[in-house]
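In the block that follows, a single chain appears as structure tokens, in the form predicted alone.
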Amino acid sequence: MASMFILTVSPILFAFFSPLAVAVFIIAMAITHTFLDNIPSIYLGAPEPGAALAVLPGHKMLLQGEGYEAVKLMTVGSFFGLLLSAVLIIPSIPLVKAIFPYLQQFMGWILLAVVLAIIFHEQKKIVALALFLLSGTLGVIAFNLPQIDTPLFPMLSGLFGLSTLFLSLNDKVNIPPQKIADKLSLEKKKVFTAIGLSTFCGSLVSLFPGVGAAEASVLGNELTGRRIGDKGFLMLVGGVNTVNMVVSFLTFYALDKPRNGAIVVVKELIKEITFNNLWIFLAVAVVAGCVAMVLTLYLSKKFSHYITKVNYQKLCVGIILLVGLMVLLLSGIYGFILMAVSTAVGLLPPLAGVKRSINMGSLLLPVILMFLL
């Protein structure tokens, strides 16, 4: 949204700055956003689509007094995912140009295999299949509603954010004092696995339209057999979200295909990306990531301190009302109805004894159908 505003006022900005300078500002802002979004994802249960799955283990850690560590795990994943992907982008250019046409033929089958693995890991496999198809049908309908331009916000807010908050309200939970951990309580092997997979899966899905960071997180978790645990998964989600943004520079340069809103705006500003531009964008991303990491951890400490002073039930109600109002303003009455239905669907997995990640069917099924049909 901020990128679109900058595009709208770009004729005024061009009187003072070059198009490349404005594009650099958008990239720095987009990279910073992938870090700072870790805070509302954990403390408020209000994530961007790419970090939606972080709400589930993140909320659990928050209720255990480990909210700061949850944010730190995601932030460390974001930072090292950023560094690793930035290093690999230049040597990956000829590889991407060569294999992209072949990968495109198999992406649907890869995602179908991921779905089967998710269902296979559930004890209640029939229930999991039914809930996957239910959320998938919701996704198919949502993406084909002409009345809603951006269905992801209301749909994912309901499936993962509001449903979690309603369950917390029902359980009458209280936020315990938060610990400020200097070191991460995660084995080095899991750290390396999470960062490596976030780079691989985030890069892979960035090549394709309609597939984003959320699908990459599910794919990465299934590739490990879910052995990295909740903390490793948070690091994976944080890494994927940032890697997805960085690799969009590569798809813009090598394939002339911008894969997210910020890069679409950049393309409108500079029309094409040169090799020198690519180097500039990568350097800006790394510098912005360094600043964003420090800023995110600093703000997270502040949130950890103040979150315990707030009545959590009132905070949940406030967030629910705020999200509802934002959906109503941004997506209209149809978006609000979609959010309400999505919240109801989001409540079903925990009530049925199935992992809430099964609701990723809302994104996976439409993408699978897009590739296979």
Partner chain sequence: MREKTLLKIALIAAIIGVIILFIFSQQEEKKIVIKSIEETAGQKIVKVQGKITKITDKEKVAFMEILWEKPETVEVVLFKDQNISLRQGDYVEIEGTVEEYKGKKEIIGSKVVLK
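Numbering follows the first chain given and starts at 1. Small disclaimer: the values here were computed from a predicted structure and weren't measured.
Beyond what is shown, the protein has a form predicted together with its partner chain; the following relates to that form.
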statement: The listed residue (278, 175, 134, 264) that reaches within 4.5 Å of its partner chain in the predicted complex by any heavy atom is 134
- request: Check each of 36, 28, 341, 330 and return the one that places a heavy atom within 4.5 angstroms of its partner chain in the predicted complex.
  value: 341
- prompt: Is there a heavy atom of residue 307 no more than 4.5 Å from a heavy atom of its partner chain in the predicted complex?
  reply: no
message: Does any part of residue 104 reach within 4.5 Å of its partner chain in the predicted complex? Heavy atoms only, please.
response: no
- request: Although its partner chain is absent from this view, report whether residue 145 comes within 4.5 Å of it in the predicted complex, heavy atoms only.
  value: yes
- prompt: Can any non-hydrogen atom of residue 348 be found within 4.5 angstroms of its partner chain in the predicted complex?
  reply: yes
- prompt: Heavy atoms within 4.5 Å of its partner chain in the predicted complex: which of the stretches 80 to 88, 137 to 145, 279 to 287, 199 to 207 has them?
  reply: 137 to 145
query: Taking 182, 298 and 317 as the candidate spot, are all three within 4.5 angstroms of its partner chain in the predicted complex by heavy atoms?
result: no
- request: Counting only non-hydrogen atoms and a 4.5 Å cut-off, give the residues of 179 to 203 close to its partner chain in the predicted complex.
  value: none
